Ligand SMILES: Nc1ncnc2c1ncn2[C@@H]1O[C@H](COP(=O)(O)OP(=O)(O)O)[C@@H](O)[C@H]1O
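Presented as structure tokens, the chain that follows is alone, the form predicted alone.
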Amino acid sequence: MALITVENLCLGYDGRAVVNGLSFQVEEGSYVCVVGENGSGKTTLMRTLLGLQQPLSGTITFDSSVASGEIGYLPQQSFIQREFPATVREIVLSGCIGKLGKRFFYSSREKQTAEDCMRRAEIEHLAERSYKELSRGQQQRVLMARALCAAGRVLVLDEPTAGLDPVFTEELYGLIEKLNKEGMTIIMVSHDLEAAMKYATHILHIGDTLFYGSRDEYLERSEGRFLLVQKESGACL
């Protein structure tokens, strides 16, 4: 079942297109990696899927089971976020803010959701710790748990392992894979072609040419071979 259907999408700023004629479907339970050269429009697409930015033209249709505001989002982490003065529990619970409606206080249900998401992200033992005192890898797990509080069936990730050391990177990829196997649909922007080829079920390539299909289909195309050569040569994507 298609949870998200994108048809003839045109993306850009101030009337200037950076992506044109993009069409694809995200099936339930899939793990989609969005790849392409720097400046090709990957983050712009994520923001548009989340409703944070309007497309220049084209349509995005969500299945009725994907309610508005129930797509979890883990953006690229900024320095200000890393220094945020709050406990882990407070930050994770803030992921439920979209569920408050006209209420000012979290209900017991939302507090339980936060506890469940901390458990899924394996950070229950950090609940009372100050966020700014954690390592980068631990902070990413906290933000993942926060995104899970908002996520109904879809989780959108923008370079989730950027700046992490190899150990924390592998741990975070393991967590994302676990969530996908539990039924969460993943859409992830990544410059890590090795991880994309290892974990993704589908690849969305954005650039001078557009491609959407299975991982194996992508590797048979010139775009996939080109990016892998760049990765092996150490070029920045």
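Numbering starts at 1 and follows the sequence shown. This one's a predicted model, so the numbers in the text were calculated from it and none came from an experiment.
Form predicted together with the named molecule: not shown, discussed below.
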| property | result |
| --- | --- |
| Contact stretch among 193 to 201, 58 to 66, 165 to 173, 43 to 51 - heavy atom within 4.5 Å of the named molecule in the predicted complex | 43 to 51 |
| Non-hydrogen atom contact G39 with the named molecule in the predicted complex at 4.5 angstroms | yes |
| is_contact(Q76, the named molecule) in the predicted complex, heavy atom dist at most 4.5 Å | yes |
| Non-hydrogen atom contact L219 with the named molecule in the predicted complex at 4.5 angstroms | no |
| Non-hydrogen atom contact V18 with the named molecule in the predicted complex at 4.5 angstroms | yes |
| Heavy atom contacts to the named molecule in the predicted complex at 4.5 Å, residues of 146 to 173 in sequence order | none |
